[in-house]
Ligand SMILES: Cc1ncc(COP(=O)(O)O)c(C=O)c1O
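Single chain ahead, by itself, as structure tokens, in the form predicted alone.
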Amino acid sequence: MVDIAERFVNLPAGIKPFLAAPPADVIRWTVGEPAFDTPQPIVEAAIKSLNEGNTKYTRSEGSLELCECAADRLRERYDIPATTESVIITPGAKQALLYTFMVCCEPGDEVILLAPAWPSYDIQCRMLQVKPIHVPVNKENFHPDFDAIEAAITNKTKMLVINSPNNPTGAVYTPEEITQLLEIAKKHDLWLISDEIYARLNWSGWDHLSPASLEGGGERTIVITGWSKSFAMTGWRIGIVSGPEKVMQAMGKLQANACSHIPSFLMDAALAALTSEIDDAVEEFKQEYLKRRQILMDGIAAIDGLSMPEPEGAFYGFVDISKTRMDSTTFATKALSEARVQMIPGGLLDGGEGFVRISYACDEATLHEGLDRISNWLESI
């Protein structure tokens, strides 16, 4: 019987099994999705565009107006050397990541991931017969271990992937660390993927720094970001990728033949999101995340057996459950069945055993109730 490609037969599912919507009585701490509604002006822009008939084919890379505005934002906010021609609007940042692996890597190449890493990096590499190499970070703060990175580089290494602010750990790398990661990429002539989807959700004492903004960074860094997290637009599936000319030219051909472009009317909604009016809404979201972050920090600190390094960015806490003497899958499974709280076992991620990931993007009531349930459950056992 005809079969599917062998590389997909045993492809890991990542955290997918723990992302399924739970029963109504379960507190859901798993999904990395803002609890806020998309700001109304963005919604209205999409409706207006539909009513005006913007439902036809358009420029594959994205409308010139949107690409120009997105490039301006990347330059003005983060000093990324983006231009209208070096930006592609993709069906979500995840698609931009896949495009980047496809364009920059050959089967058999090795890609360094800082572990624990968001699982889609690993799985996308495996889809393309590229080998993910998981290099553990420093567990006390989840920042890079540079000696370990250097030791992992071989003559097959093609790329280093960085994600700051980080999913799942909440770490935000310092400017010095970003500079050192770029120096490693330059020293070994590697591509550098910088996943900056959480760049605006930074609670650390230092500013977000993109390696593309540094000397020698623009020629080897592919920056990936999008609208999902900052603008509460996860289901809209709109991402951005920007990088060196030869990468973007190849990626333009790839998108044209893979999906043509994102829906035309959504380009107007994405453009509406890049206005000062929506900046105000994003700032309001950020203040709410800071409140929820504090609720989580205080709540975890009050529960015997649990601890958590301070989340520096994004909206995740990576909670150390090792003192409970349960592995992470057992902990998460029992928490779901007995405490009715759903979270992500760190053991599903290379280098994440002994931890669980909690998203504090949910509302405050959900955080308080979940913390009470976990506290009472652990006391009972």
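Just count from 1 along the sequence shown to find any residue number. As the structure is a prediction and not an experimental result, all values here were calculated from the model.
There is also a form predicted in complex with the ligand; it is not shown, and the following applies to it.
Taking 93, 97 and 121 as a possible spot, do all three reach the ligand in the model of the complex with a heavy atom inside 4.5 Å?
Checking in the model of the complex: 93, 97 and 121 are all within 4.5 Å of the ligand.
Based on heavy atom distances of 4.5 Å or less, which listed stretch (106 to 114, 189 to 197, 126 to 134, 147 to 155) is in contact with the ligand in the model of the complex?
So the stretch in question is 189 to 197.
Which of these residues, 221, 167, 255, 210, gets a heavy atom within 4.5 Å of the ligand in the model of the complex?
Only one listed residue qualifies here, and that residue is 167.
With the ligand left out of view, which of 264, 86, 204, 228 would have a heavy atom within 4.5 Å of it in the model of the complex?
Only one listed residue qualifies here, and that residue is 228.
Counting only non-hydrogen atoms and a 4.5 angstroms cut-off, does residue 237 reach the ligand in the model of the complex?
Taking the distances in the model of the complex, the answer for residue 237 is yes, it comes within 4.5 Å of the ligand.
Mind listing which residues of 139 to 163 have a heavy atom within 4.5 Å of the ligand in the model of the complex?
Contacts from 139 to 163: just 163.
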